[in-house]
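The chain below stands alone and is given in structure tokens; this is the form predicted on its own.
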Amino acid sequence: MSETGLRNELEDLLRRCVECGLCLPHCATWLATGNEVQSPRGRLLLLGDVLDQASPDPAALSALDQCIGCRACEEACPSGVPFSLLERGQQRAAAAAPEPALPGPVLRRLDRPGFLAALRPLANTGQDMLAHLAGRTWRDRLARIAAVQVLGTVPRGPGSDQSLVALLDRLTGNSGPWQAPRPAPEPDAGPLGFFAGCANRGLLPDTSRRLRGLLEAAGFQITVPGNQDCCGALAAHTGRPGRAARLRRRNRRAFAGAGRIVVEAAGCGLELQSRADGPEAEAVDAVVVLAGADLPPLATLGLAVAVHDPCHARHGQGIVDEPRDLLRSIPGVRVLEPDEAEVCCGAGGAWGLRYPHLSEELGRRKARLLAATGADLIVTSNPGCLGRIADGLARESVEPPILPLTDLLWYAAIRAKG
């Protein structure tokens, strides 16, 4: 669309915006700053100024770029003003965006599973070493170092099955032998192509393996195409449209003929669903697939569990009931809802790399609200959210651990068999 066309559309939408302010309490950056220019309606007004000026005010461009893109405002708006308008404003502001907190050569490799797999032990060792040398508060003591800010948010799961079982046994009081779920003797739930993604495959491979085992126990036939690649979201959001298009074409070929694709990370799912040049097969979030599946027997756990909804799931795909239904399917689990459940945690993919300090503030806010529920455990379904909230919990020195939702389901299944 030409700038004139965008300006005409903006004027029409600004007339629809009644400036009621209902979007404000749903906007993470407004909640963190209290600054009107960091609100959706403030950014809409700034966008008009930006389009009118040959050399827009850098402060206005910065305010547009600092929008996370969570789309909570779109859901809250009674006038139906679409987030896509702000998204176009962000594209205009991209030239003024600050450099990410990571060097370019590192940033360009974050969508490569092999690089992330090599990074995982280094990041884990780095976190442990800093905790040993600088103490439990190393994140705050070294907060001025951008690389340390990023290091603290690297998603980190329990790793081995034994580590996960030990953690959840401690919370539930369970003990004794257990065995992993076995594939259904007569798979009848249909075939699924498994989208491995880059973050889950590189940083949380054991969680991915456990999810595949759970799906097979529910009667699905799982295939994992070896020639698949990253969904392309990071490349698209860091100014590399050519690479993003190549990745999408590669995935299109890899999943050709697949009936459905099950996607573990909410961010990948939204990316695959929203791109016309992506795989032809239907991409479905793993939480949605599991919520409609015939799961194996689940043990009684007696846990209070707080849910964090990734923005890509809640606002992007409308996934709200499914994770709660899954938790309630585990006997003894009590689901707790935090305040501001619809507000972003501050991960935001590449956004968090450009604004690490604001991202940290949002993560800490989210961690406080989740801990305030009194939960024994927090669950989510996106690796970026997992890392951001875990960092916030550590900074706030609050206790509830956070895990992928599918790891908790897997544990409930193995304890039913133990």
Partner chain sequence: MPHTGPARSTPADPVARLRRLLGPSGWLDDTAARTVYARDASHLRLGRPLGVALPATREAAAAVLRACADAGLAVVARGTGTGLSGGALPADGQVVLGLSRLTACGAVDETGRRVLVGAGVLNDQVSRHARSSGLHFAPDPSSQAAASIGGNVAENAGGPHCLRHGVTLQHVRRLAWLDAEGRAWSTGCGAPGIRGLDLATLLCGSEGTLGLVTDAELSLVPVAEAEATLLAPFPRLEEAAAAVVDLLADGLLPVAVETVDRAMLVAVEAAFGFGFPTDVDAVVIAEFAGAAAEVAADGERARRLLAGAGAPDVRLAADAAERARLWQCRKRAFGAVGRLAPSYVTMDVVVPLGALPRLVTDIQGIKAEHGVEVATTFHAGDGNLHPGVHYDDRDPEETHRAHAAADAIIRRALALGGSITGEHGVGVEKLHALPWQVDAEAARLMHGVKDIFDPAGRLNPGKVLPALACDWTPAPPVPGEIEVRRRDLTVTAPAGASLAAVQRAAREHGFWVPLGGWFDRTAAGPGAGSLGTVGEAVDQNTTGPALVGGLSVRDVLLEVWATDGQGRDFHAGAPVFKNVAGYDLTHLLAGAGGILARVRAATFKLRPLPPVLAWWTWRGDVAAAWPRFEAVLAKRPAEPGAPVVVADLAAGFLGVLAAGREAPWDLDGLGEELAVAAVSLEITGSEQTPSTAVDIIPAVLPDWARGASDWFALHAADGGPSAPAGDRFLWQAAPRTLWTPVAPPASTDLVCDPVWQGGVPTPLPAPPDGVPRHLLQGLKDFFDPDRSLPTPVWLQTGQETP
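Residue numbers count along the first chain shown, from 1. Keep in mind that what you see is a predicted model, and the values were worked out from it rather than measured.
FYI, the form predicted in complex with the partner chain isn't displayed, but the following is about it.
Peer 1: Which of these stretches, 348-356, 41-49, 376-384, 389-397, has heavy atoms within 4.5 Å of the partner chain in the model of the complex?
Peer 2: Of the options, only 41-49 has residues within 4.5 Å of the partner.
Peer 1: Please check if Val37 has a heavy atom lying within 4.5 Å of any heavy atom of the partner chain in the model of the complex.
Peer 2: So Val37 counts as contacting the partner chain.
Peer 1: Would Ala76 show up as a contact with the partner chain in the model of the complex if we use heavy atoms at 4.5 Å?
Peer 2: It does: once the partner chain is placed as it appears in the model of the complex, Ala76 has a heavy atom within 4.5 Å of it.
Peer 1: So in the model of the complex, is the partner chain close enough to Gly159 to count as touching (4.5 Å, heavy atoms)?
Peer 2: No, no contact at 4.5 Å.
Peer 1: Please tell me whether any heavy atom belonging to Asp325 falls inside 4.5 Å of a heavy atom of the partner chain, as the geometry stands in the model of the complex.
Peer 2: Outside the cut-off, so no.
Peer 1: Within 4.5 Å of the partner chain in the model of the complex: all of Ala184, Phe195 and Glu216, by heavy atom?
Peer 2: No.
Peer 1: Since exactly one of Glu340, Asp169, Asp206, Asp229 fits, which has a heavy atom within 4.5 Å of the partner chain in the model of the complex?
Peer 2: Of the candidates Glu340, Asp169, Asp206, Asp229, Glu340 is the one lying within 4.5 Å of the partner chain in the model of the complex.
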